[in-house]
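Okay, here we've got a single chain as structure tokens, the form predicted alone, with questions on binding and movement later.
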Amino acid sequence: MSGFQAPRGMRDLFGADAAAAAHVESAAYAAAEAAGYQRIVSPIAEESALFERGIGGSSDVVSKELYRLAPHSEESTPLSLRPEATAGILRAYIQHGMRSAPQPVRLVTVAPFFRHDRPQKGRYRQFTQFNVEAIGDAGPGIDIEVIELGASFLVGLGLRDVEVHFNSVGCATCRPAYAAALTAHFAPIEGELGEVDRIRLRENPLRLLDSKDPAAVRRSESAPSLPGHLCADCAAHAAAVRQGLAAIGVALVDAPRLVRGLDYYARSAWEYLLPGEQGQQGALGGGGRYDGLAELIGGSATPAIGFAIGIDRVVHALQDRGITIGEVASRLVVVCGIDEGSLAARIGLASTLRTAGISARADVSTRKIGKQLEGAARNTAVAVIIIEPDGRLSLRIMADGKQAEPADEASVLRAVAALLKR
């Protein structure tokens, strides 16, 4: 065995696990593209300042979990591996003048991200997320569309018990009063809080509701809730979102202390949770409105909303429930040969099959035909084409072991096509 192993918190995916992840990723793109979202592929690294300004310097993502890259001598701008998608996608929206396109601009990506977090089931240091962003619309209608899209994606995979926990985190007008109320609530226990939470108490007390520190968690249970502090506009927006989702059959669970983990959220905030599995292990993903983020990163005021759903967590949830994913009946045809001199012919015939839209590979070994057939069986081939010494072809059906009489290439190709149509 090699002395090297995958880095802590990062994994090799292969076999059934890779197939399951690929299935969920494909379903994610299909769901978003069916709703009119277009793919975007953004860099795997961005300027560190983009995350520091956008996510917030006091957040765990930036203060503890950001993978900062050591710059080369000629590189003057500090870079970091992306910990989330929203800041980079909004940067692309601004940089490429997408404001001139019809609004909202609907974008989707399924991609790897990186956080130096404590590894555990469903939480890895390299993880894959399904991200949807709708940029340029301030109305509640786009909130309804985005929230429903994530919920229907999860239900469509088989997670029919998923819950949508919803809250409004207010706006720049009403949130200061709530922040002041939280500060007053947590101030008596400041001495019991850890260093990070003491900083949050001074700089962004809403983040205390997202803390995992035992003292902060206990105090949060009696903290004032956001809905009572919303301004009229935020309250009306939240009511419209609730009513719209109810009208299309998406049930919401009110979560008055849900603030999400990033500093840029405003108004709608939600999580997709599995019942009975609250907290990090039960959260499949979530999202929110981030109307102020564009200004934080150097753009003009731009309303926007989006969600992120963890592909790894979805796969684990499906597996835990015994829901089969990623398994597809084999359609592979293997081309073998009795003579060693048929190697080039095997490869050429496999290429011909692929050109015709048939999955095929050639056995490129010098093994006896029996061993070649064993290899095809291990690859779960549906059929094997054997090149005979005289150049004719024999077709063997792997399900029953029946082998047809040698025939010409055209006849065998027709037989293979007919077999795969069954």
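Residue positions are given as counts along the sequence shown, with the first one as 1. Remember, it's a predicted structure, so these values are computed and weren't measured experimentally.
Note that the form predicted together with the RNA isn't included here; everything after this is about it.
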Can any non-hydrogen atom of residue 401 be found within 4.5 angstroms of the RNA in the predicted bound form?
yes
Do residue 174 and the RNA share at least one heavy atom pair within 4.5 Å in the predicted bound form?
no
Answer for residue 212 alone: is it within 4.5 Å of the RNA in the predicted bound form, judged on heavy atom distances?
yes
Heavy atom to heavy atom, is residue 129 within 4.5 Å of the RNA in the predicted bound form?
yes
Using a 4.5 Å heavy atom cut-off, indicate which stretch of 351-359, 22-30, 376-384, 38-46 touches the RNA in the predicted bound form.
376-384
Under a 4.5 angstroms heavy atom criterion, identify the one residue in 153, 166, 124, 178 near the RNA in the predicted bound form.
124
Considering 92, 159, 235, 283, which brings a non-hydrogen atom within 4.5 Å of the RNA in the predicted bound form?
283
Under the 4.5 Å heavy atom criterion, name the residues of 353-378 that approach the RNA in the predicted bound form, in sequence order.
367, 368, 369, 370, 371, 373, 374, 377, 378
